[in-house]
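Only one chain is given next, in structure tokens, and it is the form predicted alone.
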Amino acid sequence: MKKDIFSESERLDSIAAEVRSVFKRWGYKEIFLPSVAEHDEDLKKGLKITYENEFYAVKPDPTSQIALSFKDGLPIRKFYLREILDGINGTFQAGIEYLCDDTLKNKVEILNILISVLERLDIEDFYVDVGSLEIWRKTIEDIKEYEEEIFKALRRRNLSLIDDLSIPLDKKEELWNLLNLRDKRCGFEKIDRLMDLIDDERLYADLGTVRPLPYYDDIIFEIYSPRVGFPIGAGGEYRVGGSHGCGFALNLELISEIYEIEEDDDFVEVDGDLKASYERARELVKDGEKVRMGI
């Protein structure tokens, strides 16, 4: 079934305007990324194409695209709103990236901005699950030959995949306990420190949270609402050369399902003589007013 592009665009426009305003109030600048990028193994997602015997990616993952474009000059605070392709399938996203040398500050700032955005959209019934890749890497150091199977089980949250592994029972129990650990605190200093510094009841330590994208370094998180069956956003920390980054992306199409549009009545109605009405409208806009032209 074809989408109602006009109706959907109206909803996305309202959401994008609110999200953009929050990002700007936090001091972030919009980055306009090229839709087509030269092929690179570190460039994720996108529609892969060839043109004149060269390989390209159309609308790839912005985080990897920004990372590949990074030169120097910290700190960097950027945001984007664009469609992201994964093959021929696309989703409209709003994302934000903060690169700096303070690995604690960037996570605290990014998570606080995430909360600001959702509150601005009047989405209060969300929660954020925060996990750690490093905890899992350390836990499976002695069974590294099963790393691929274990991370597959984590991504799917499928305990039976761990059951089938030829590892000692006590090790399986350790993995099960980590996979099922979800609380306000988890006993791991890096996550517990974030919980203390942000101190929001909607943040949880959830060690079963694992993101599939390979550039994440340690702390990762997913954003949920009980009104949607899939994560409405996700993010985490990563490295760019010797620098540290952290960011998140929101799925605007999923957010559209739970976002309530409020009618904007702060318009000046302009009507009458064709020439005079548009001259008046131009002056009103110049003065910062919003106008609605008569049909």
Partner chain sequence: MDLSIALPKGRLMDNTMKYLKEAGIDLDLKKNRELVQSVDGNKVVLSKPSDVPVYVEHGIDIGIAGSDVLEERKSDVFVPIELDFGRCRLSVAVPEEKDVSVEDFEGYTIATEYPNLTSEYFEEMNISIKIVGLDGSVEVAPRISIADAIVDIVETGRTLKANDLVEIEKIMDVSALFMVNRISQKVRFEEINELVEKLKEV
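Residue numbers count along the first chain shown, from 1. These numbers come from a predicted model, not from an experiment.
The next section is about a form of this same protein that is not shown, the form predicted in complex with its partner chain.
Just one listed stretch, out of 86 to 94, 70 to 78, 102 to 110, 179 to 187, contacts its partner chain in the model of the complex at the 4.5 Å heavy atom level, and that stretch is 179 to 187.
Checking V228, V36, V268, I261 for any heavy atom within 4.5 Å of its partner chain in the model of the complex turns up a single hit: V228. The partner is absent here, but in the model of the complex a heavy atom of R156, alone among R156, K138, R193, R202, sits within 4.5 Å of its partner chain. Its partner chain in the model of the complex is not approached by S132, whose heavy atoms all lie more than 4.5 angstroms from it. Contact check for S160: a non-hydrogen atom falls within 4.5 Å of its partner chain in the model of the complex.
Although the partner is absent here, D218 lies well away from its partner chain in the model of the complex, with no heavy atom inside 4.5 Å.
Taking the partner from the other structure, its partner chain in the model of the complex has no heavy atom within 4.5 Å of any heavy atom of Y146.
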